[in-house]
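First, one chain by itself: the form predicted alone, in structure tokens.
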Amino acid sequence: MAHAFIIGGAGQIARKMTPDLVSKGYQVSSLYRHDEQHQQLADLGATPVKGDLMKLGVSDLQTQIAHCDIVVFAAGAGGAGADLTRAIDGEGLEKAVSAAKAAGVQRFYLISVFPEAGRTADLGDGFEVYMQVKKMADVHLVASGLDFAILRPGTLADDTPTGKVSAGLAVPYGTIARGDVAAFLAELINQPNVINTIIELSPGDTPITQAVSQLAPKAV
């Protein structure tokens, strides 16, 4: 049974994804900060692991993920300010990558951001910092030597999932349900031949399983 460790396991996408991964036969461990999240994650089928990403050192994370096969970085400051964005989305990602390499965990998944997200609105300097930090996090992971997949969803919404998406190296921008992002990421993890790639994700007409399969390398 493959074992996935989710950093940011109490986040909305991570919580929606966890039962899907469990149903696919994965063991899931989820990093959380607040006491009340422990039982919530356990009820989803995860093994809760308490820890604050900003306080944990690389060696601490290495110990936590040492017996895992996959790391999923789903943590994010969520618009809480430039300093937190740098600490979580930037330095936190770098810390997680170092821990994965030290622990010998080769497969790493990152939830990033669609390049066009928020470009039609004046969201201020903080948003520009967010976009810069997310891009450099992508760059850091790509250069790490790990087997990676970076998922760049469009603007997230709490709409009812459709089970259908548009996914590829470059697709039109759109607003997408968190449930569809979670289902896509779970299926992406379940198709490990779709790796070392950056995927843009928007609403579409292709069933999620098919959309992931279409991203697999073509046989020569």
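Numbers for residues come from their place in the sequence shown, where the first is 1. Note that the structure is predicted; figures quoted are calculated from it, not measured.
Just so it is clear, the following notes concern the form predicted together with a small molecule, a form of the same protein that is not shown.
K.L.:
Counting only non-hydrogen atoms, choose the one of 53-61, 22-30, 188-196, 161-169 that falls within 4.5 Å of the small molecule in the predicted complex.
P.N.:
Every other range fails; the passing one is 53-61.
K.L.:
Consider T155 of the chain shown here, and say whether it contacts the small molecule in the predicted complex, taking contact as heavy atoms within 4.5 Å.
P.N.:
Judged by the heavy-atom cut-off of 4.5 Å, T155 is in contact with the small molecule in the predicted complex.
K.L.:
Quick check on A99: any heavy atom within 4.5 Å of the small molecule in the predicted complex?
P.N.:
Contact with the small molecule, no.
K.L.:
Using heavy atoms and a 4.5 Å limit, would one call G90 a contact residue for the small molecule in the predicted complex?
P.N.:
G90 lies outside the contact set for the small molecule.
K.L.:
A137 versus the small molecule, in the predicted complex: is there a non-hydrogen atom within 4.5 Å?
P.N.:
No.
K.L.:
Quick one: in the predicted complex, does every one of G8, Q12 and A74 get a heavy atom within 4.5 Å of the small molecule?
P.N.:
The answer is yes; G8, Q12 and A74 each reach the small molecule.
K.L.:
Quick one: from V113, V133, L141, A149, grab the residue that has a heavy atom within 4.5 Å of the small molecule in the predicted complex.
P.N.:
The residue in contact is V113.
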